[in-house]
Structures are given as structure tokens and as C-alpha cells.
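Only one chain is included here, represented as C-alpha cells and corresponding to the form predicted on its own.
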Amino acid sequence: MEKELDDRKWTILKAIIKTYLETGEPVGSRTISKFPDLNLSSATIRNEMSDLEELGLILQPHTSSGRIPSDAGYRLYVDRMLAEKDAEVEKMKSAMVQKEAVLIERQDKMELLLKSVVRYLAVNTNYATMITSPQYHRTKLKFIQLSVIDEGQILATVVAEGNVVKNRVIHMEHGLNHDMVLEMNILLNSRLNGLTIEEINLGTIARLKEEAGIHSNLISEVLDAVADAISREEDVEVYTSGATNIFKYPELSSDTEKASGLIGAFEEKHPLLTLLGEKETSGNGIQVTIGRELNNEDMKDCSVVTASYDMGGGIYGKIGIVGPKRMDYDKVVGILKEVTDQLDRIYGKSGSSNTDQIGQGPGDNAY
């Protein structure tokens, strides 16, 4: 499709999208003809708009109205805009240094920092915002210790990176004596130590069960304890702010049931984590999900922009901004890149013990 889009069509498409983002109303050829970058008649612009409609990049909601962007049009706009933003990262970093006096304030706790960040995002974007607490991802297993409690019970102690410790009592049909427990400890640690949960695959599990013989059920119980120690979704905190900003946009607030559903999503942790995405990818790359790409009928008129902040050592969290499809993507992506870059530099990959924080105070809500 990009090959069919020459510079003139692209300029007209951008003009339609930017105008619609500002007004929320269908855009006509006469409005576009007033753009300083174009020196075209309304008739020429109408022809180009017809071509853009055939390409599926704009829609005409009513026969006598102007055009609005389609999901495909938004997608093309966002993809090109993200490419341009990546090229501007170094310039943005330089500009951020001048803003740090306003954005950074010393705080005592990470919780206060995250609440400050999410409130800052809501105030400066006018959209609903959310951020998760930092979590270990791809955390490696350090060691497993099995201990005999009595003839029919074993205590499995699992230790993962970050000194995460989980204990689980396992009931045994076939009792283990101390010599057997020693053999099982050697087997489990020789096969599993240093692995992440993603690396403990079906082949590894099958070999462990085969070597464990009649105690193969013990392997399943121990692996459950390992997964519990490494994957700690129940410990994820999600902080939100600006949920009521949804009511500022008629396409999201005119349907009371839809608006209530959106607000309700901000009161439950699981829907928020779903919006932020299950894919665990570190780094501060920006992800934009538009309309029906969300696979949620209640959010077909929404877009969600997400990013990750990286604290190094496999520890990172997610940030999300929810707004209408006509959200100001350029502004949102710019602010997210500023915030994630500052979080990375203050708390992240350099391993600095700097305790400076972003924001001016706690956010609206914490879950």
C-alpha cells in the first residue's frame, strides 16, 4: 500500500487525520485546501481523497459528509510517525535535560514515583493512564531444596533471582528417605538451576520425570512451586489516573453502557493487565493498538499506547495510555519516550542508586 501512496496523497492523509484529531468532525476537501503545505484546488483534493478511500485509508460516514480516518489510515499514520520519532530520540534526550528541574523530585518510595508518573501522564495527555510496578521477568532459578517433614510429606523450598523464596508442602504417595531426597535434590538442581521459566520446556520436564521414576509426580509439584516463585503476577501493582478523562470524548461517553464498561476496567487489575499486554518485552519501544486490534467490542473506538520502562537485571514495568482513536498520537508517543527514558536513566540500566523521582505528587488511584 505504501508504494501506492505518493507524497501528495500522504500529505493529504496527514492533513485529514490531524484535522480530525483536533475537531472530531468529518473533514472536507475545502478544509484541506487551506493547509499551507498544499497548493491544490478542492477538485484535485477530492480526487485524491477518492483514491485514499479506495485504498481503505479514509471513510465517508455519510454521503454528503467529509472523510474520517479508517483504522488502516490510523495504522499507517502511527507507523510512519513512530519511525520519525525514533530518528528524533537523541534530540528529545537533549531537550529532556532542560525539563528535569520541573519533572524530577526526590521521593522516598518507588510507589510514590509511579503514582507521580501516572498522574503526570494523565494531566499532560488528557487521557486515561496506567503504570505497573516493576517486576522480575525471565528470572532465573537459583536453587531447589527438598526436605523431609515426615514419611508422607516433603517441603520444597525454591529460591529465584532477587531472593524470591517460595515454600510448598508436597504430599507423597511413595515416601522418600533422606538418601532419596539427596538424589532428587542433585537431579533437580543439576537440570534446572540457572534456567528461566521459559527455558523449562516439555523436553526438560519429560527427562526429569523419567529419571525420577516412581517419584515423577514430585517433579510436577516442584515445577509448580518453581513457576510460583518466578511468575508472580499476583504481586503486580497497577496505578491509574485520569479515568474520568474518558468523558471528555463524545465517541466514548455518549453510550452510557460503553462508558461505564471503560471506567469499570480501571477498577479491576486483570483488565488493566490485559490492556497493557501479556507479551513481556523489555526496553522502551512504543506499541500502539488501534480500534478493533484490541479484540474488545467495548473498545472498538479506543486506542491504547503502551511502553516499558527498564530497570536492568530483567526488571521492568509497563505504562499504558487509553484514549479515543483520534488521540494525539504524536504528543502521546513523545511524552512516553520522555518518561521511559528518564525512568531508565534514574533507576535503570546504569545501576545508579540515584533516588530522584519524576512527578510532583501521588496519582489518583492505586490498585
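Sequential numbering from 1, following the sequence displayed. Keep in mind the model is a prediction, meaning the values are calculated, not measured.
Below, we turn to the form predicted in complex with the DNA, even though it does not appear here.
Requested in this report: Considering the DNA in the predicted complex, find the one stretch among 26-34, 316-324, 329-337, 298-306 with heavy atoms no farther than 4.5 Å from it.
Outcome: Result of the contact check: 26-34.
Query raised in the report: Using a 4.5 Å heavy atom cut-off, are Lys166, Ile170 and Asn193 all in contact with the DNA in the predicted complex?
Result: Negative, none of the three is within 4.5 Å.
Query raised in the report: Is there a heavy atom of Leu55 no more than 4.5 Å from a heavy atom of the DNA in the predicted complex?
Result: No, Leu55 stays farther than 4.5 Å from the DNA in the predicted complex.
**Report entry** Residue contact check: Thr44 to the DNA in the predicted complex, 4.5 Å heavy atom
**Finding:** Residue-level check for Thr44: yes, a contact with the DNA.
Report task. Indicate whether the DNA has at least one heavy atom within 4.5 Å of a heavy atom of Leu40 in the predicted complex. Result -> Yes, Leu40 lies within 4.5 Å of the DNA in the predicted complex.
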